[in-house]
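Next up is one chain by itself, shown in structure tokens, the form predicted alone.
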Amino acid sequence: MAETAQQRIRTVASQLTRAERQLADAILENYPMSGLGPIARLAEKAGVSAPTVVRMVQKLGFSGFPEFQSALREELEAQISNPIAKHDSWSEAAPQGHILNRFTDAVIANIRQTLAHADPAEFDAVTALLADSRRAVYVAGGRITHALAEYLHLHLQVIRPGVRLIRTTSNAWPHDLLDLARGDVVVLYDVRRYENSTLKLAEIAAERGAKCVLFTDQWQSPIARHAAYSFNCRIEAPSAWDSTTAMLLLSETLIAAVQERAWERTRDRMKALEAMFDATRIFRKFV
């Protein structure tokens, strides 16, 4: 799967001139819509010349501005695809072979491309934030991604105190933000057909000085403009639904990293939890 134009911009960021960096910021501000108008409008918004726009899109690997815009239109179409349209698209181009192999190949490719674009320094910074027990942690997802949010929340609860799950599918979620303080961490999951309630949560959290961490897809949720850190995960698969395997992989790796960073505290909490499991006989004993 080809890189998105947004990913190409981030890849070549260190090679851009000052004017090209201004242009990149203008494109990313309301991506991908910002790049779909006339070249003169984009140049004016960025405070650069039209030739600068042409030079930069060529630096990104496009033959010119029309090809760049064509790529943006394809990305926008993919972002708003519903499950039926996704299924039809995959069916038309479905390769020969069993679905087990086709789906697995797609997921492995998603993982590889996700990891290729993950920044280890950002990952370590998020690990440090989540391991800091002075900061409360709030976790939220959407209609589908709430399962990932619940998974992260369950594990972080064992590792550290002060972790809360926000259910954005409920109209009572604003109550969960009453105790949100400056410097707290809000972890959000949001993938295409991005959800308004999750976006509003991010806006409120950012306004209140929280650090937002976003897990999103390759096209990037609009929440990204409120996030201190974003992890863009590949999600396409030969199915009417997207695959969240790459997102789960990053989440599980983050859980392992936070646990390792705060192991002494985690071990004590695990011991206390196991004692409660024994007292309540939740799990079957074989001895």
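Source: prediction; values computed, not measured. Think of the rigid core as the biggest set of C-alphas that the two forms share within 1.5 Å after superposition. Start at 1 with the first residue shown and count on from there.
The same protein has a further form, the form predicted in complex with the DNA, not shown here; the description that follows concerns it.
Although the partner is absent from the chain shown here, Arg55, Phe65 and Arg225 each have a heavy atom within 4.5 Å of the DNA in the predicted complex. When the DNA is considered in the predicted complex, Thr17 lines it closely, a heavy atom lying within 4.5 Å.
For Ala40, a non-hydrogen atom is located within 4.5 Å of the DNA in the predicted complex, even though that partner is not displayed. In the predicted complex, the DNA sits beyond 4.5 Å of every heavy atom of Leu28. Remark: Val48 counts among the residues lining the DNA in the predicted complex, judged by a heavy atom distance of 4.5 Å or less. The stretch that touches the DNA in the predicted complex, counting heavy atoms within 4.5 Å, is 40 to 48, out of 241 to 249, 255 to 263, 40 to 48, 227 to 235. Lys271 shows a C-alpha shift below 2 Å between this form and the one not shown [criterion: core-superposed Cα displacement of 2 Å].
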